[in-house]
Each structure stands twice: as structure tokens, then as C-alpha cells.
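Listed next as C-alpha cells is one chain, alone, in the form predicted alone.
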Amino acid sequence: MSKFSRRALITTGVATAAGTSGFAIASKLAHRYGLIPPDAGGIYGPGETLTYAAQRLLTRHSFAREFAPNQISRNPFANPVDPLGEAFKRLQDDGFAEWRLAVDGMVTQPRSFSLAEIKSYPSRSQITHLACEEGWSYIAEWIGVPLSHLLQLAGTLPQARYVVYRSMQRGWGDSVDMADALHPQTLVTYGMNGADLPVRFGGPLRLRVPRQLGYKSVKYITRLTVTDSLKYEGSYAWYAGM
């Protein structure tokens, strides 16, 4: 049986189970194929499991739509953030020369990358749509290095399942599975619309995950931790695929 037909059969089984015998059976099928999200517990857990399993089986290798330059939004909306503090201001005043992005956890060579190092690596640009769960959205060009490249340099271990990323913005951070972490459209971005990434849009470094809603594209990232387990305590659903 081909990989596509096998995936289609599994997905059909998950969806059919959910429709005929309830979410419990669908959850068992998802568990069998290792497609249980970190927020699978609780009252919404079965629904989150079904959503994640079905989308992963059908869209694991899909790409978010990319747009033409003339479709870039003229006035993109930068949602306000709380004051970033004196430490951020000192880094900003120095042109972010001392900014560091640490990569640790399940890697063979923990690394600490400077902004200049990240900019020296092979870059990718994409014009994609950022959609917020609050209803606003815009199209912009994002320039950066694929997250997969930094993970390769750090030597991600084969049993890794997630990448947790943390922000200098207090209380902010999130995580993705390895399917999104290694996807070629997932970028550590340092540029926007042909210029450096503005601070109000997350500069100097922002993770860009175009296959998920905007809250997954966390601003001001300072640390990436590779792990094989995850306890998710976010305010929104862990998987926010579009």
C-alpha cells in the first residue's frame, strides 16, 4: 500500500470513528499512530486530538500559500506589546550586537548564535499571510534562516519531538512539533519587507510559522529547547494549523 493511500485510510478511519463511535475511538487511533497533541487532556482534548491527527496526516508536507510582491499589505498591523524592559533597551541601543539565540535540550552541540551569525547563514524569503486569532491579518515578506538549519547545526537527536521557543517578552513562548520545526517555511526571521525586522513586529528575531495562526509566530525569541516531551499550558489550543 502506498504512503498516500495508507495515510488516507488512517485519516478516514479517524474521521469515521469520530462520527460514528465518538471521540474516544478516534483518540485511540490517533494514539496508535503517535498523533496525540500535548493538550490532549481535559474537556477539549478529544477535539484537539482529532484536529491535530487529521491535519498532520493530510498536510504534513503541505506549504502555506505564498503571495506576489504587489500583494504585500501597505499598512500591516503590529499588535501592541507590554514594555520590554531595560535589558531589551540596552540591547537595542547597541544595535542588538549582543543578542543571542540559544539552542539547547536534545542536541549534540548546544549553541548560542549571535544575530550576525544567523544573518550569515543561507537565507530564505517568503511572502505569506499572518492571521491572528483576534481577527486581524496582513501579508508581508519575511526574511530569515530556516529553523531546520539551526537545529542541524546544533545536532538535533533523532528522538526529538518538539521545539520549545522562548521570548524576551515576559511570559511569552510556545512550541511546535518536529514536522513544523523542520518545515522549509518555518523561519527564524530577522527581516521584513526588504529591511531589518522592526521591533514592533518582533525584531531582532521572530519565529515565523506560516502554517499556523499568528500566536505561534512568537516575537523576540532568545531560546530554542529541543525535547521529546511537553506539558502545554498556553491560553489557546496548542496546534493552530490553518
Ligand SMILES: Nc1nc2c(c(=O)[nH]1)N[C@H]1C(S)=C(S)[C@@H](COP(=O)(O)O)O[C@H]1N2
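In case it trips you up, residue 1 is the first one in the sequence shown, and so on. Computed from a predicted structure; not experimentally measured.
Omitted from view is the form predicted in complex with the ligand, to which the following refers.
Residue contact check for residue 186: none of its heavy atoms lie within 4.5 Å of the ligand in the model of the complex. Within this chain, residue 65 is remote from the site of the ligand in the model of the complex, having no heavy atom within 4.5 Å. At a distance threshold of 4.5 angstroms between non-hydrogen atoms, residue 38 is out of contact with the ligand in the model of the complex. Heavy atoms of residue 218 reach within 4.5 Å of the ligand in the model of the complex, making it an interface residue.
You can rule out all but one of 121-129, 104-112, 145-153, 72-80: in the model of the complex, only 72-80 has residues with a heavy atom within 4.5 Å of the ligand.
Not one of 32, 46 and 55 comes within 4.5 Å of the ligand in the model of the complex, counting any heavy atom. Along 118-141, a non-hydrogen atom within 4.5 Å of the ligand in the model of the complex is carried by 130, 132, 133, 136, 138, in order along the sequence.
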